[in-house]
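One chain follows as C-alpha cells, the form predicted alone.
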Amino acid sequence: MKRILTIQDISCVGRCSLTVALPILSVMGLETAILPTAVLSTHTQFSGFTFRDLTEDLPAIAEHWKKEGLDFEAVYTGYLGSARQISFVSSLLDDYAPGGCVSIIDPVMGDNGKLYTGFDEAFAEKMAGLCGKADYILPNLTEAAFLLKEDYKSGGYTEKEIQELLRRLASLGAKTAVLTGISFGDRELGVMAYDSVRDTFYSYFNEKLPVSYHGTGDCFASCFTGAILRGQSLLEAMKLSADFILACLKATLADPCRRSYGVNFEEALPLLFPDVSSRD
C-alpha cells in the first residue's frame, strides 16, 4: 500500500481540506499521513470561526518522521496559511525528492477573481515558487492569474488561450499543469491540462450545473491525487475527478438542509470503489 502525505488545514466542521482528503484518499486505497497547517472550528463560510495556526509545530513533526525513517510516495498540499508555511513545504519537498516522491500542489488561495482573506500578491509569488518544484499543479482560473501576475478572465476565452495559459503555468517549473473550472459554453464544465514533458494537451468536460459549493476544489484535488498514485494516466485522473465532482454536486442539490456544510461528497464515494477493487 502506498503512503501519501497531505499538508493542509483541518476544518472541524464543514467538508473541505483534510476532512475530505482523508476519506477520499483512504477509499482509493492509499495510506494517508497528515500534516495539519491550522485547526479551524468550521470552514470559513461560517461566521465567527476560530483559527489556530500550527506553523510552529510543523518542523518538530517533520523531524520526528526523519528519526523514524518514514518516507512517502507522494506529497500533496492544499491550504497553506502563510509564506512561512510555503517555505517549510518547499524544504520538505527537497528532502523527499531524491527518493522519487511525487509532488502535487493545489495552490489554494483564491476564487472568482479574488484572493482569499489573509493572502496578498507577495503570498501568490511565493506560491508560484513552490509550484515550480511540483510534478503536478492544480490551480483554478483565479489562482492561475495570480501565479502568473496576469489579469483574471472569468469567461469568453478560447481553447487556444487556455492552452497558452497552461504553457505559461508549466513554465513556472511544474511538469504538468492542470486547470480546473474551464467552460466554453453554458452546458459544459471541465478541466484542461498540459504535460510539458510530452508537450501534450488533455481536456475533459461534463455537465455544467448552475450551482457552486464550498470544498469542490479540495475534493477534485484529493481524487486526482489518488488516481495518479494508483497509476492511472493523466487523462484518466482528470475524468475520474471531474465525474466524481459532478456526482458530489448532484448529491448536494438533493440535500438542501446541509448545503452550507460544503459539497456532499460522502454519497459519491462509491464511485471510487470499483477502481480500488480492480487494482493490480
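Bear in mind that the values here come from a model prediction, so they are computed numbers and not experimental data. Quick note: we count residues from 1 along the sequence shown, nothing fancier.
Although not depicted, the form predicted in complex with a small molecule is the subject of the following passage.
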item	value
Contact segment among 244-252, 24-32, 53-61, 39-47, judged by heavy atoms lying within 4.5 Å of the small molecule in the model of the complex	39-47
4.5 Å heavy atom contact with the small molecule in the model of the complex for all of 16, 108 and 218	yes
Sole residue of 146, 79, 194, 136 within 4.5 Å of the small molecule in the model of the complex, by heavy atom	79
Heavy atom within 4.5 Å of the small molecule in the model of the complex - residue from 201, 152, 116, 157	116
Proximity of residue 214 to the small molecule in the model of the complex, heavy atoms at 4.5 Å	yes
